[in-house]
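One chain is shown next in structure tokens, namely the form predicted on its own.
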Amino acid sequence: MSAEGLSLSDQHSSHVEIEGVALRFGDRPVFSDLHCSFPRGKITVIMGPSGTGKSTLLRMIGGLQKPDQGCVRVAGQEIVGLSELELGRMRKQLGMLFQNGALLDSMSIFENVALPLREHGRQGEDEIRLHVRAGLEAVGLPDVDDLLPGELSGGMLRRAALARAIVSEPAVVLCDEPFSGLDPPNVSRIESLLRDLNRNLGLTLIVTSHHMASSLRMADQVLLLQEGHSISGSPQELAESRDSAIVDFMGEDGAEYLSHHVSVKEGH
């Protein structure tokens, strides 16, 4: 386990790297000398108490928030200081699942999912239709093309938003609180979908979450934000930690995960 967020990245090439990042919102410090990295083709879940900058970190990776100082690299490219045109090119590598989905109410599900493809403007309608249908089928929604967002349940909306995030075949998908507001069956469904997308498509997933149980089950790496810095490790490493701050944050769910992990490992 590493206080610099590098434990898994020593074993796997880093797809995204944060080095020496500092950021303040007015008088409130968010990050101070933040170092962390996200291994290629793995699932990293960003956790931490409210207000520690989880969503802000995603926005920095997506080029939507500039740090006051430090480096943000995506696939080896430094993105701080890029022009909007250059950021637009970089973002073609990224899919973004916004908190609560952020679908446009006046557009059909098909048109919502097609938006990233139309923004790139390089594909004909037949090709767009094939990609959109493949995306919707990948998330288990093959028959909702003509429905409006208001006609879907909360879980279906989140899956449609996930289809939009992957439709342009990005290498990295940023997911901001994908379990927020969902009931347990839909939490399990979204968790399984994210794991399947990672396993089947080799996507690098960077997920913010307050949902401890799902986070520990799905993550290859957990990045815990605390007071402007980060601690990272595998779920088991964090669950086994004796650091009082980590123990307090992991709580009973962390202990339950560790107990289950050990039980499975021992074949019980």
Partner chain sequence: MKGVLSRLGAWVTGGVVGLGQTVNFGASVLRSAFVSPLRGRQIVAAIYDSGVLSLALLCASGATVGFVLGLQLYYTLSRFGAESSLGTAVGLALIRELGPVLTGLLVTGRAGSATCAEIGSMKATDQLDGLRMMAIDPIHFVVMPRALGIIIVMPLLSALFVIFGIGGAYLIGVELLGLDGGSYISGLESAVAFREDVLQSIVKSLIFGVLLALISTYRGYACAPNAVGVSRATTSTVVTTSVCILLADFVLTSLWGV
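Remember, predicted model here, so these are calculated numbers, not experimental data. Positions refer to the first chain, counted from 1.
From this point on, the text means the form predicted in complex with its partner chain, which you will not see here.
- In the model of the complex, at least one heavy atom of Asn100 sits within 4.5 Å of its partner chain.
- In the model of the complex, no heavy atom of Arg73 sits within 4.5 Å of its partner chain.
- In the model of the complex, its partner chain sits within 4.5 Å of a heavy atom of Arg59.
- Its partner chain is not drawn, but in the model of the complex it has no heavy atom within 4.5 Å of Gly135.
- Taking Leu193, Met96, Leu141, Ile79 one by one, only a single residue has any non-hydrogen atom within 4.5 Å of its partner chain in the model of the complex, and it is Met96.
- Though its partner chain is absent from this view, in the model of the complex it lies within 4.5 Å of a heavy atom of just one residue from Glu127, Asp183, Glu151, Asp105, which is Asp105.
- For the marked spot (Val30, His35 and Gly53), a heavy atom within 4.5 Å of its partner chain in the model of the complex is absent from each of the three residues.
- Stretch 62 to 70 is the contacting one of 22 to 30, 209 to 217, 45 to 53, 62 to 70, since its residues have non-hydrogen atoms within 4.5 Å of its partner chain in the model of the complex.
- Annotation for 63 to 89: interface residues with its partner chain in the model of the complex are Leu64, Glu84, Gly88 [heavy atom within 4.5 Å].
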